[in-house]
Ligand SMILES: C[S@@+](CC[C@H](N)C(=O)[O-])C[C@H]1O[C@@H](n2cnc3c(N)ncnc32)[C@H](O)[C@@H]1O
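In C-alpha cells, the next block holds one chain alone, the form predicted on its own.
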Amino acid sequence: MHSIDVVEDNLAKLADLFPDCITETRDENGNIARGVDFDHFRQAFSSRIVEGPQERYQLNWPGKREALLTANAPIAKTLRPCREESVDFDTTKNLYIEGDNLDALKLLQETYLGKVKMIYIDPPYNTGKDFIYEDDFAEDKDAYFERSMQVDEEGNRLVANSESNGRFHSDWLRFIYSRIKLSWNLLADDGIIAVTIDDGEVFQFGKVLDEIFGPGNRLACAPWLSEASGGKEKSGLRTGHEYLLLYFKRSSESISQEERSTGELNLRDSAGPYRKGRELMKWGGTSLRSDRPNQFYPLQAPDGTHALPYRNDGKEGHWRWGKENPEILKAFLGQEIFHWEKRPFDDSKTVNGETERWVPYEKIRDIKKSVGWSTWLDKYGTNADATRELKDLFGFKPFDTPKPTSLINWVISLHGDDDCIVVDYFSGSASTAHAVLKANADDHGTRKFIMIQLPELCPDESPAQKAGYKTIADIGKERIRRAGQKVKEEAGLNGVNLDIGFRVLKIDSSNMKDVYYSPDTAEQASLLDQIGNVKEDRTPEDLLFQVMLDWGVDLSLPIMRQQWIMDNGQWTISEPGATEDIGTESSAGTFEVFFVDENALACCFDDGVSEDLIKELAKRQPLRAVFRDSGFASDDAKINAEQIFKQMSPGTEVRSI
C-alpha cells in the first residue's frame, strides 16, 4: 500500500550490475543495513587507487585495490595465430591461447562478453611450494599500459609464493581476484563458474567468489574425494579431499536436473521400452535459423507431414543436430528415432495456417546415473585416475597435478546447453579440453573450448623436458591432439563430425609500431620509418586476428584465404592449402584476401590495393571490410574506397588500420 521505495529499487538494480559494490553498513540508528560500498564503486570507474577509511563487512587485504585496478587497466597486446601448432585451423571452433591468462581474459572481453556458459579452473593452491603470476604492476593506468608492452625474454612472469613471505595470502588473493573479476564479465547470465581448491585457501576463495558473484548465487561448496587412499597426513588427520566451489552469475535455470537422472522407462515402441529425453529443438541465445542455417531442415512426423524447427514464438529456429548426425541419418532412413508430441505456438500464433506443430524428443533406452547434486563427490574420478589418463596418452606422466576428465565432465554436464563455450584459463595439461571432446562424443553436443595457458617452462630434468616438451603449454597442445584422435576413434560413427581441432593463438605485443618520442624530438629519418605503421615481422594473418579482436568478431569463426590475381583485366581467384604460404608480400597484381565466416569480414592487407580490387570486394557485399592504411596504391584509391562501397555495398562498414 506504499509507493515504490526508490532507494531499494536502485540498490537492487546496482546489485544486479555490480554485486561486488553492495555491502553491509550501519544506518543512522546503528542498525545493520544493505548499502553501497562507494569507495569500491568509485574504484571500479577509476584508473587510480581510491582510498577509503570507512569500516564495513568485507574481505580485505593489502593490495586489493591494486588487484581491481589491474583488472580494469588496458593492455597493448594482441593474439597472433600459429597455424603450424594448430589442428584444422580454418574450420575448428576451439581455441588454445598461449600466454598470461590475465592478458588473455582482457583480450577476450570485447568478443566474448556475456557469451561464456561454463568456466572451470584449477588454479595454484598456494601451498607455499607452487607459483603465482607476478602482477605487481605500477599503481596507475599509464605506467601499467607502458609495462604491459614489455616482452618477457623467458616467456613467463612466475614468482614463488613461499610461506615465509609476509604477504603470503595477500599476494595470492591479489593474483586471483583480478582474474575472477574478469571472469564475471565473460559469463552469460545463465553461466556457471566452477573452481577446484584445497583447504589452504578455500575460505578466502569462497569470500572472493561471494563478493564478486554474490553469496546468493553460490550453488555449492562440495568436497571431492581426490585421493582414494586417504591422502597425506596433516596434524594427525589424513586429508584426501579437495573442494569444488560452484557459482552462477544471475540465473540458475540452466542447471541440468533433467531426466538423464535415473528414471523409469515408461514408454514403448517396436524396439522396446524407452523414456522421453531432450527436445531436438535448440533453445537459448543462438536458437534462430540465422545462427545455424544448415540445421534448419524437415523431418518426417508421425502423420507423414514435414516437421520444421519452429520456435514457440513462431520464428524459424534450428535443430541441435545437423543432417550428418548418425541419429538424423537413421531418421531419414525411416527408423523410429524420436518421440513425437504436438505443441501449440505461444499466444495462439499461427505458422502456415497451423496453430501447433510436431516436436521431436530423444528416446532414452538406458538408465543413466544422476547428474544432480551430491554432498560428497566420490564417484567422479581421483587424482590417480587423472594420472592414468595422461600415462595412457603419453606413456609417462608429463604433468604433476592433472584433474580427471570424469570430474570435469560432471561439471560440464551441470549446464544444460550442449552448444556452449567452456573456458579454462589455468589449462595445465588440458584436461578440460579432453573432457569437452568426450562430452560431445557422448551426447552429440557441439560445445567449444577456450584453453589458456602460460608457456611455463618444464622443470629441468623432468620427464616432460626429457621427452622434448619445453613448456606446459606444449604438453597441453599435444594432449589435445592425442586425446582428440582417441576420442574420435572410440566414438565410431558418433565421432564422424566431431570437432577435435583447435586454433592456437599466442599473446604478443601489438602489431603496430610503438611511438615513444614527442613531436618536438622527431627527426626526418624516424618519420620515414613510420610510413608503414605495422611491425616488419607481422603477417597479414596477424593483422586479421587483431581486427577480429578489436571488432569483437568471434575468434573461432571459419576463415577462408584466397589468392586474387589480376591478369589482362580479369581476376583469377584460388584458395591455397592450409600449409601453403602465399607470402607476406604480394607481387604486382597478386593479393591475399581473407574472408571470415563467408561474408562477415573481408580483409586485404597487401600493398598496391587499387580501385579495381576495391570494386571486386564490394561486389561480395561483406558486412565489414578492412585494409591497411599504407596499403592503397594511391591517395585516390584510399579516398574513393569508402565511396565505392557506399555505391556498391552500402551496408558494408569500411575501416583501415
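Counting begins at 1, following the sequence as shown. Predicted, not measured: the structure shown is a model, and the values here were computed from it.
What comes next is about the form predicted together with the ligand, which does not appear here.
In the predicted bound form, none of the heavy atoms of P309 sits within 4.5 Å of a heavy atom of the ligand. The closest non-hydrogen atom of F426 lies within 4.5 Å of the ligand in the predicted bound form. Taking the partner from the other structure, the ligand in the predicted bound form has a heavy atom within 4.5 Å of a heavy atom of R179.
Within 4.5 Å of some heavy atom of the ligand in the predicted bound form lies at least one heavy atom of P402. Note that among 411 to 419, 428 to 436, 75 to 83, 336 to 344, the stretch whose heavy atoms approach the ligand to within 4.5 Å in the predicted bound form is 428 to 436. Using a 4.5 Å heavy atom cutoff, D100, F175 and E456 all lie near the ligand in the predicted bound form. None of G484, P398, P123, G381 but one reaches within 4.5 angstroms of the ligand in the predicted bound form through a heavy atom, and that residue is P123.
In terms of contact with the ligand in the predicted bound form, the residue from V116, I472, V195, L544 that brings a heavy atom within 4.5 Å is I472. Along 542 to 568, a non-hydrogen atom within 4.5 Å of the ligand in the predicted bound form is carried by no residue at all.
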